[in-house]
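In the form predicted alone, a lone chain appears below as C-alpha cells.
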C-alpha cells in the first residue's frame, strides 16, 4: 500500500474513528485503526465492538484532490500513537507506505516515522444492516436532542438499560428519553421516514455512544440517515458511518409517570432560577446531598434556601412571572434541576407541582417538545 494524502483531511478522519477505539479492549487488534486504500479513496475504521466508526476520504471532490493513490492495500496501526503522530506532523501532505511484514513508513516534511502494523485480515468486519427501518434528521437537531437528554442517563450499572437513551416513534414524532429513576429528560422532534411505516420502540442506545456521536455531529441542517435493527443502530453521514450496539432489556414505560394535573404552577425566568440554584449549591455541596429547599411566598415570589450544619445557611427570593395554585414547600436535588435548566434554550420555564411528595415537571414555556421530570427529596 502506498499513498500521499492531504494532512488536515487525514487528521480529521483519524480523529473521528479514534473516538471508537478503546485502550481497555480484550481484543488486541481493536486497539488499532484500520486503513484501507482503494482506487476510490481511503477508508479508516475504528471500533471497540460497542461503537464502530468508518470514515471515507474520497480521492477528490469538486473542489480539490485529496489523495494520490500509488498502490492499494490495507493495514492496522496502533491508534494510541498513530492519532497523535499524524496530528503533529509538520507538512501539508503525509505519505504512507507499507512494505512486507506490515512495516509502515509515515513521511511528512523532513520527518519519518517507521511503525509496526498489524494484519488487517484479523480486523472484524463491520455489520451489514437491513435498512427497513430508516428515518432522517438534520444534524443540528439530532445534536440538540442528544445534548438535552443524555446527561440524565444513569451511571449505575445495576440497571444497565437505564445507562442508555431510549428512542420511540409515534407516527412522524420521534421521542428521546433518558432517566436514572430520580429524574427524566424527554425531547421530541418531527422525522422523515422512508419506505415502510416506522415502528421504533425500546431502541436503547448507550449513553456513551450518544456522547461520542454528538462530538461528530455538526451545526448544519445537512441530514443524517438513521437505520435501526434489532441489535444495532447506524447513523449515516455523507462520508462517515457510525454504528452502535443497542442495550438489552426492556426500557421502563415512562409516559404514565408524567402527571397530567397540577396543584401549583409557575412561570420562572430560566437564568434567575439557574443562578439562584448555583448560589444555594455552594453550601449544600458541602453536605454531599445537593438538597435545596423551595417554597412559595405571597404574591409572585418564591424562596430558595439551603442549609449546611457545618457552614451555614443561604436564602434567596425570586420574583416569578406568575404563580398559581396551592402554597408549596418542597425539597429537591438542586444539581439535577441545574443540569436541566442548562439545556433548556427558552428564557422562561413552566414548572408544574403536584404536591410536596410527588414528582414535578419543568418544561420550556414557549414549546411542548421538551420535558423534565424530577422526584422530590424527603428531608424529614
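This structure is a prediction, so every number in the text was calculated from the model and none was measured. Positions refer to the first chain, counted from 1.
Note that the form predicted in complex with another copy of the chain isn't included here; everything after this is about it.
Item to check | Contact check for 80, 84 and 309 against another copy of the chain in the predicted bound form, heavy atom at 4.5 Å | outcome: Answer is yes for this spot.
Item to check | The single option of 101, 110, 128, 255 touching another copy of the chain in the predicted bound form, heavy atom within 4.5 Å | outcome: Residue within 4.5 Å of the partner: 110.
Checklist entry - Between the options 344, 330, 67, 314, which residue brings a heavy atom to within 4.5 Å of another copy of the chain in the predicted bound form? => result For this set of options, the contacting one is 314.
Item to check | One stretch from 169-177, 219-227, 156-164, 271-279 that, in the predicted bound form, holds residues within 4.5 Å of another copy of the chain by heavy atom | outcome: Of the options, only 271-279 has residues within 4.5 Å of the partner.
Checklist entry - Do residue 90 and another copy of the chain share at least one heavy atom pair within 4.5 Å in the predicted bound form? => result Answer yes; at least one heavy atom of residue 90 falls within 4.5 Å of another copy of the chain in the predicted bound form.
Checklist entry - Even though another copy of the chain is not shown here, does residue 115 get within 4.5 Å of it in the predicted bound form, heavy atoms only? => result Residue 115 belongs to the contact set for another copy of the chain.
Next on the checklist: When the contact criterion is heavy atoms within 4.5 Å, does residue 283 count as touching another copy of the chain in the predicted bound form?
Outcome noted: Because a heavy atom of residue 283 falls inside 4.5 Å of another copy of the chain in the predicted bound form, the answer is yes.
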